[in-house]
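Have a look below at one chain only, the form predicted alone, in structure tokens format.
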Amino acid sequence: MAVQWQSELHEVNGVTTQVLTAGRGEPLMFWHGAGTGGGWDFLAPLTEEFKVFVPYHPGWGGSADDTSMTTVQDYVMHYLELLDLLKIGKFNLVGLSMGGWFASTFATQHSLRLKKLVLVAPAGLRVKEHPTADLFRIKPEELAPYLAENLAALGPPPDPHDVDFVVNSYREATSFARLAWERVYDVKLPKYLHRISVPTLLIWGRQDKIVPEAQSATWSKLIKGSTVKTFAPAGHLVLNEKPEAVKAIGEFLTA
């Protein structure tokens, strides 16, 4: 199901930020991961119940670069500014991978702004026994099997000779490197996850090769009262592979 996304540009503390919107209802914000190539049509079922906002992080998509943004806290502050501009009070928040890192950090500080929280294969924790993959060691041509079990769910493979695709991929990788070159986790985050005080759902693909599903036990222990749902066969981009995962999010948010 294709979604008719509306694109808006907002000046957020001097940074031009592209925001896609679709649907009607309570506000739901989706914070994407480190790559944006596949689009967001897997969110279509959620647009039937919510007004879905998909902002591109600075340095990704149609949002401008801001080389001063080098920490997760920078992105938390950016989104506080954006929420004020959009006049969004309480909202539902879904974060995928790197966006899950942003969302979990946001929730430790601003749970009063949230109705419910969904973290999909979130980055941000160091779990020694089940480490997050080092994306900077994976060659671009070898990335797809890390992202999905069913490669068809990712759509047609990109043309390696598409200059725009190559340039955009390099740009987004550079933005990610500013944030996570040294480590893709926050050593202090476990100390504060108990502050998340809203209903929280954790979603994972059981065959996730980027953020192993075994990390879910640590997350669920640290976020009191959280629920874990896993889907198989599915990899890191479980929402692309498993429509039932998106359905589970909708059911959780509307319950």
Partner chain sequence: MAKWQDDLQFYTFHFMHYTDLPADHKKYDSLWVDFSNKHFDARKGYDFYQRYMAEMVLADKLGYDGLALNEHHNTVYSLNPVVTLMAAALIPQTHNAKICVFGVPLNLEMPNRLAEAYAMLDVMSNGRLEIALPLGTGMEYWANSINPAVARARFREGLEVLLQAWTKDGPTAYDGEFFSYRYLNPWPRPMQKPHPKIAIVGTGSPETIQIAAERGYAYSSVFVPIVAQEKTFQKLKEEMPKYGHEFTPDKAIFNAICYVAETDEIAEQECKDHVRFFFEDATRTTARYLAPPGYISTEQLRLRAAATASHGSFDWDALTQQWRVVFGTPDKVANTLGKWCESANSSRVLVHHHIGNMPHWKVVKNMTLFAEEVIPRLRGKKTAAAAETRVPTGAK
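Numbering follows the first chain given and starts at 1. Note that the structure is predicted; figures quoted are calculated from it, not measured.
Keep in mind that the form predicted in complex with its partner chain is not shown, yet the notes after this line are about it.
With the partner omitted from this view, the residue of 158, 145, 131, 140 that lies near its partner chain in the predicted complex is 140 [heavy atom within 4.5 Å]. A single residue from the set 115, 126, 171, 110 has any heavy atom within 4.5 angstroms of its partner chain in the predicted complex; that residue is 171. Within 4.5 Å of its partner chain in the predicted complex, a heavy atom is found for not a single one of 20, 40 and 84.
Its partner chain is not shown here, and in the predicted complex it never comes within 4.5 Å of any heavy atom of residue 90.
Within this chain, residue 152 is remote from the site of its partner chain in the predicted complex, having no heavy atom within 4.5 Å.
For residue 177, a non-hydrogen atom is located within 4.5 Å of its partner chain in the predicted complex, even though that partner is not displayed.
Interface membership of residue 166, defined by any non-hydrogen atom within 4.5 Å of its partner chain in the predicted complex, is confirmed. Figure note: of the listed segments 115 to 123, 180 to 188, 102 to 110, 73 to 81, the one touching its partner chain in the predicted complex, with heavy atoms no more than 4.5 Å away, is 180 to 188.
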